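Consider the single chain below, provided in structure tokens and representing the form predicted on its own.
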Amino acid sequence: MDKIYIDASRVFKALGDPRRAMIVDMLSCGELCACKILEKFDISQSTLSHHMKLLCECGLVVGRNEGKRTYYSHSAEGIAKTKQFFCDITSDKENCICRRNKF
């Protein structure tokens, strides 16, 4: 199976959780400290850390440490790749998977 499909499936799997989708939405306003994200949810800090780990691993979000705080923001590259992937799989094209001999 092509790596591009595997990578994209991680993104969509991460977004399959409503809280993670909401976090990505929150970050559309700009960088946020984990403590500010945590204020919006009735979850523990460890649960938030798990959500953020998945969002960072799939490439949608990046984190940076400053002292004892972690700040999160969108990954411009990850967002662009995801948009392009979705556009590619929903558009007719010469190299469409249906035109290949085998999957």
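Residue numbers run from 1 along the displayed sequence. Everything numeric in this text was worked out from a predicted model, so none of it was measured.
The same protein has a further form, the form predicted together with the DNA, not shown here; the description that follows concerns it.
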query	finding
Partner proximity in the predicted complex: Ser75 to the DNA, non-hydrogen atom cutoff 4.5 Å	no
Distance check, Arg20 to the DNA in the predicted complex, heavy atom within 4.5 Å	yes
Touches the DNA in the predicted complex: Lys13 (any heavy atom, 4.5 Å)	yes
The DNA contact in the predicted complex: Arg69, any heavy atom under 4.5 Å	yes
Within 4.5 Å of the DNA in the predicted complex: residues from 14-48 (heavy atom criterion)	Asp17, Arg19, Arg20, Cys33, Ala34, Cys35, Asp42, Ile43, Ser44, Gln45, Ser46, Thr47
